[in-house]
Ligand code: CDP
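Listed next as structure tokens is one chain, alone, in the form predicted alone.
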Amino acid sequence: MKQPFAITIDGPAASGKTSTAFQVAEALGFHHVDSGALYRAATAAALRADPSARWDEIAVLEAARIVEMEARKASFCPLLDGVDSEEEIRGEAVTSRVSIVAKMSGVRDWVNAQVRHLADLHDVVVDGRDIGTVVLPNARVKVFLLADVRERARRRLLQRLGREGNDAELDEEVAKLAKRDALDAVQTVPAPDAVMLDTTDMSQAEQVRQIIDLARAAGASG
């Protein structure tokens, strides 16, 4: 039986991991797995169960029982109680708390088990943090995306607002990302064998093309 092919894409918040990973998966005929969406789904489930956010690890894991993964074209998406809740898991309430949940070792183990199960069965492109180091250390291709924090802030505002942010909005977003980077620092470390891509001055199409070339050089047939 052919061994599934895994590509990991790690990097800090707003470095373009998720959108790039999806496009790589689509081009190669793989499935995209957004590990961050699983952490977000667990956080959203915990907020539903207890909006006060006074959670411990056991409470979050109990709440996360409503999370399941649904296969879609080129991706796996988390559902909450069987319903697509993309807007909910990307909202500010979840965004402001997901780093806390992601530090819970039991939740990390749960997310990692979900990702490994999918990677055992399918050719995947997985993005997140510590994917190439902890979750899928034997992945055939590992990439770590870098970008200047101000450029990451600009991209995030463009995605969220549909326009370039003004100076005040940009400064506020930079501060948020710097705080997020500090919270995620332990998990945002490149694997020793990862290819580093600084995307500050790189278009998304260029990022996608470089990763596809790496995958094909490593034997991906898509």
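Numbers follow the displayed sequence, beginning with 1. This structure is a prediction, so every number in the text was calculated from the model and none was measured.
Form predicted together with the named molecule: not shown, discussed below.
- Judged by heavy atoms within 4.5 Å of the named molecule in the model of the complex, the contact stretch among the candidates 117 to 125, 141 to 149, 78 to 86, 96 to 104 is 96 to 104.
- Interface membership of residue 39, defined by any non-hydrogen atom within 4.5 Å of the named molecule in the model of the complex, is confirmed.
- Although the partner is absent here, residue 13 is a contact residue: one of its heavy atoms lies within 4.5 angstroms of the named molecule in the model of the complex.
- Although the partner is absent here, residue 156 is a contact residue: one of its heavy atoms lies within 4.5 angstroms of the named molecule in the model of the complex.
- Put simply, residue 31 is far from the named molecule in the model of the complex: not one heavy atom of it is within 4.5 Å.
- Listed residues 184, 169, 26, 57 were compared with the named molecule in the model of the complex; 184 is the one with a heavy atom within 4.5 Å.
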